[in-house]
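Form predicted alone, single chain, as structure tokens, below.
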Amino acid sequence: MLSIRNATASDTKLILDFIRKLAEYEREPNAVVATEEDLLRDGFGPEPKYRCLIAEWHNVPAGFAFYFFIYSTWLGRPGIYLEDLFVLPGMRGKGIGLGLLRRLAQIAVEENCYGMRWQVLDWNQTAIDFYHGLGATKMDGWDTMRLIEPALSRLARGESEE
């Protein structure tokens, strides 16, 4: 039986384990530098930067959805950004991913959100097909950009890239 609950501070070790397993699945096993302390500080302090749902199958941790709120200036409403969705390989095919997404959709409706956004790797056709089956659409014409260290600090200091 599937149950989905909000993560608590005592789940930080479990959340980090899910993050590491997701990184392995996404072919980046050494990319995770986050620590339990980071997750505790940023998710369970006075001003949480993220929220997390834990899925359990017969009381055994099976997956998670890691998300935060964003805002659409054009729509004048908040939205949910789904940073990570992961179900353990041995737990797939039981409706756990669907259950996590359904709960996120319920939260989005409860919070008057315009919708949800996330990214999917272009090689993950199984996930792409799954998302299309839910009615999700690809945002054509948009490329993801990011600014990380050391360029982030250079920009903050007013220095230019040379």
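Treat the numbers as computed from the prediction; the structure is a model and nothing was measured. All residue numbers are counted from 1 along the displayed sequence.
Below, we refer to the form predicted in complex with another copy of the chain, which is not included among the displayed structures.
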- Query: Is there any non-hydrogen atom of residue 58 lying within 4.5 Å of another copy of the chain in the predicted complex?
  - Reply: no
- Query: Contact between residue 92 and another copy of the chain in the predicted complex at 4.5 Å, heavy atoms?
  - Reply: no
- Query: Does residue 126 make contact with another copy of the chain in the predicted complex, using a 4.5 Å heavy atom cut-off?
  - Reply: no
- Query: Can any non-hydrogen atom of residue 139 be found within 4.5 angstroms of another copy of the chain in the predicted complex?
  - Reply: yes
- Heavy atom within 4.5 Å of another copy of the chain in the predicted complex: which residues of 129-150 qualify? 131, 132, 133, 134, 135, 136, 137, 138, 139, 141, 142, 143, 144, 145, 146, 147, 148, 149
